[in-house]
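Have a look below at one chain only, the form predicted alone, in structure tokens format.
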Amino acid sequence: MSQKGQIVSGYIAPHPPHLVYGENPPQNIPRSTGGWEVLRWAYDNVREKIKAQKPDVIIVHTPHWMTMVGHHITRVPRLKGLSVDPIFPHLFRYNFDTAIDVDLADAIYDEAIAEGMTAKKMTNPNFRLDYGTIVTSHMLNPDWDIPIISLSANNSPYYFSLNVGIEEMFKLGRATRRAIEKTGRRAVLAASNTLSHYHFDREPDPNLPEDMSKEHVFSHQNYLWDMRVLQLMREGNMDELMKVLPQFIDATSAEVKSGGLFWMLAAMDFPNIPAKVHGYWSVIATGNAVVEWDLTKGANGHQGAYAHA
């Protein structure tokens, strides 16, 4: 009998293409002089941690693969191609090549159906991964030597609904956890989300987007909201965090409305452990943080209103 799988860690892992652009990896065609180092160095710390945990798979929930009907799951053994950011093609033209854990993808699909959800396997061998999946996957593991799975953002939870969207993501989280356990995988989860999401509508200097003297959070109110949410994560105050997230979304258009954070917290059974904030910085005025929940340190499932819901 195979060993029961487990989620070893979960990350808020933001996906601005600027971060890959600042890294200058060989897969990305545009070249930069750097930039956004606070976030890129935060990802450096995360990469070391992930390598040490030796996961079998990284599962990414991305807001930029939007599906109108149901939750879609990548289910092709290998995907490769050129992905171009539609807003920032001068920053992100990336040649991706990644293995997909198709057995786990099948299991997530089966468990999602068992939850009464609408789900679909993405089996197009020419499918182009969205930049949210690629940036998060690259920043977590630039070697690309760990298979991934990408989960879409169904349109309903993306346009946030307290009554429908959150519960949908809770179901998807439970389905993901059961699939990981049944397949014996060691899994890392990644909610590919920015925090506050008001942003500039143009670059201060399109010829030098990495000019950090022009980079700042959209407003002081957005910054205070980001800090409030991050402090609750650092304290491990899951009850209060879940209470304030809807207000946070309304006040800052926070990208967690895409559902990824709710999915990940539910999959981890709402861990009541302090999260580690590796870094916080702005990208085109949005608030971004690299945040880690390490479940290998004896985390207990939260016993409040949300666990086992």
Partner chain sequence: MPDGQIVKGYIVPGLPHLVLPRDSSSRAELRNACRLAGANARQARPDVLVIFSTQWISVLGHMVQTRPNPKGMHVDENWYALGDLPYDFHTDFDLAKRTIELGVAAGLQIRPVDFEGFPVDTGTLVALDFFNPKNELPVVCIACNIYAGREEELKLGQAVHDAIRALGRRAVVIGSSGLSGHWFTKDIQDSEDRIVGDGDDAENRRMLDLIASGKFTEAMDAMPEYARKTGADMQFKAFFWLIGALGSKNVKAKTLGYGPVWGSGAAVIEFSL
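Positions refer to the first chain, counted from 1. Quick caveat, the model's predicted, so the values are computed rather than measured.
The same protein also has a form predicted in complex with the partner chain, omitted here; what follows describes it.
Judged against the partner chain in the predicted complex with a 4.5 angstroms heavy atom cut-off, the residues 51, 165 and 247 are out of contact without exception. The listed set 234, 80, 120, 228 contains one residue whose heavy atoms approach the partner chain in the predicted complex to within 4.5 Å, identified as 120. Contact with the partner chain in the predicted complex, defined as any heavy atom within 4.5 Å, is confined among 137 to 145, 211 to 219, 86 to 94, 180 to 188 to 86 to 94. By the criterion of a heavy atom within 4.5 Å, residue 69 is counted among the residues contacting the partner chain in the predicted complex. Remark: residue 199 counts among the residues lining the partner chain in the predicted complex, judged by a heavy atom distance of 4.5 Å or less.
Remark: residue 278 does not count among the residues lining the partner chain in the predicted complex, judged by a heavy atom distance of 4.5 Å or less.
Taking the partner from the other structure, the partner chain in the predicted complex has no heavy atom within 4.5 Å of any heavy atom of residue 103.
Annotation for 7 to 41: no interface residues with the partner chain in the predicted complex [heavy atom within 4.5 Å].
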